[in-house]
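Single chain ahead, written as structure tokens, the form predicted alone.
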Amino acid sequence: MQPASQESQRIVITGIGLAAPNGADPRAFRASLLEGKSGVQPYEIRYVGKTLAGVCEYDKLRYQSKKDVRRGTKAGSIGIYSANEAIRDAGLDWSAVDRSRVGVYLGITEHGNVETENEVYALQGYRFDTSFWSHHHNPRTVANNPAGEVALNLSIWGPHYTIGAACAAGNAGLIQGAQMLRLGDCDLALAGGVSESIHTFGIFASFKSQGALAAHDDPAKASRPFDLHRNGIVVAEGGCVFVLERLDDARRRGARVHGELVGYAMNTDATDFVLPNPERQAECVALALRRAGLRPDQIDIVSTHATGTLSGDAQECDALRRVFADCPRTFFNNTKSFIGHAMGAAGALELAGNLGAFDDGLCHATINVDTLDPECALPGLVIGSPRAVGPVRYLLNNSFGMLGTNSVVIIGRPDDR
């Protein structure tokens, strides 16, 4: 049934659950960002060898049995942990929730590579006799697996699916959840993004062949968006799931609101497989602002997508300067400098890392910028240490991906609208 009231068209975040390389809950994650604590560490993977990665440490048996963990996938496990934590944070009595009215919408960059690589590797020991191929392979590798594992774990029988949107997927999951609530397709949405990317050697090998895999003697300094000497991406795993509700439903049960989704947009560059298009990115940001009914100078913090690549960072800064040319009170930061690039989870994690600004009035810094690239100069770029910016009303979260997919979400302070 289509919700009728104006309040039912307003979508709010009432729960947050996450697993990040430098924190396994929102408070720990926020504290790490304010303290300058990196989650990047030495990492080794078959065929590629020693490299660096953002690795998550979380209690994978808190909500799963050992058997379930073995049968499922790492992305599924991260999703299950994050979804359960989000429900807990939202203060929901799960036993009383109508599971047929719950939807699961998780963004992913890719899925199935890890499981297929592992099977092929194991098959070498059996002289490639495919009779030893795991019968779990198909359910592990179908694209809807991470959302499906969450639905199985939580006994949800409403809709579940994943949204493949490259590295814009975390935002896309959030947007999809909001749209389904507004359509009346569900009454509660578990939305966000997950990534198990560090477990596939292919992603490391591909970035390395492109000359886009970061390297540094100090792992904590390897992810360096905007720095003149940046040399690529640090691959990371992670996940973040939000509980989304209609505002009237949240108020009815007296839920705490972390923020309101006041605007969003997605568009496509349609110009290159990999290279971003700053004009299209700027248009995506402007469209989200128009839908939110906001001027650029009303945005307090912009969470940038910048991954640490030479062209990508400069192109995004070009786009941001086009939109925020005369906005002296708008500040910019980057979360990937702490955790690396969590691919399908990136947008959701980076948003979660900035939501704390509504409470503490701080814009967390971008770390590892020793020499700012002039092409990445932004007047309000926060470097090195957190900046006290006063009352924060609106956050804008950029998340872009390969094949030219762009996404932007704008979150408003809970009591502002």
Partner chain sequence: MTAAEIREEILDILSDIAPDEDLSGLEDGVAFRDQLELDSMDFLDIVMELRKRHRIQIPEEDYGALASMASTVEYLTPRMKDMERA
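Note that this is a predicted model, so its numbers are computed, not measured. Positions refer to the first chain, counted from 1.
Form predicted together with the partner chain: not shown, discussed below.
Asker: If we define contact as a non-hydrogen atom of the residue within 4.5 angstroms of the partner, is K67 a contact of the partner chain in the model of the complex?
Answerer: K67: contacts the partner chain in the model of the complex.
Asker: Residue-level contact is defined here as any heavy atom of the residue lying within 4.5 Å of the partner chain in the model of the complex; does G184 satisfy this criterion?
Answerer: G184: no, not in contact with the partner chain in the model of the complex.
Asker: Taking heavy atoms and a 4.5 Å cut-off, does S131 contact the partner chain in the model of the complex?
Answerer: Heavy-atom contact with the partner chain at 4.5 Å: present for S131.
Asker: Indicate whether the partner chain has at least one heavy atom within 4.5 Å of a heavy atom of F273 in the model of the complex.
Answerer: Close contact is absent here: in the model of the complex, F273 is far from the partner chain, nothing within 4.5 Å, heavy atoms only.
Asker: Just give me the single entry in G202, G91, P159, P139 that has a non-hydrogen atom within 4.5 angstroms of the partner chain in the model of the complex.
Answerer: Going through each option in turn, the one that passes is P139.
Asker: Which of K221, K208, R71, R256 has a heavy atom within 4.5 Å of the partner chain in the model of the complex?
Answerer: The residue from K221, K208, R71, R256 that makes the contact is R71.
Asker: Just to confirm the contact call: exactly one of 365-373, 30-38, 59-67, 346-354 touches the partner chain in the model of the complex at a 4.5 Å heavy atom cutoff, so which is it?
Answerer: Among the candidates, contact is made by 59-67.
Asker: Residue by residue through 344-371, tell me which have a non-hydrogen atom within 4.5 angstroms of the partner chain in the model of the complex.
Answerer: Stretch hits: zero.
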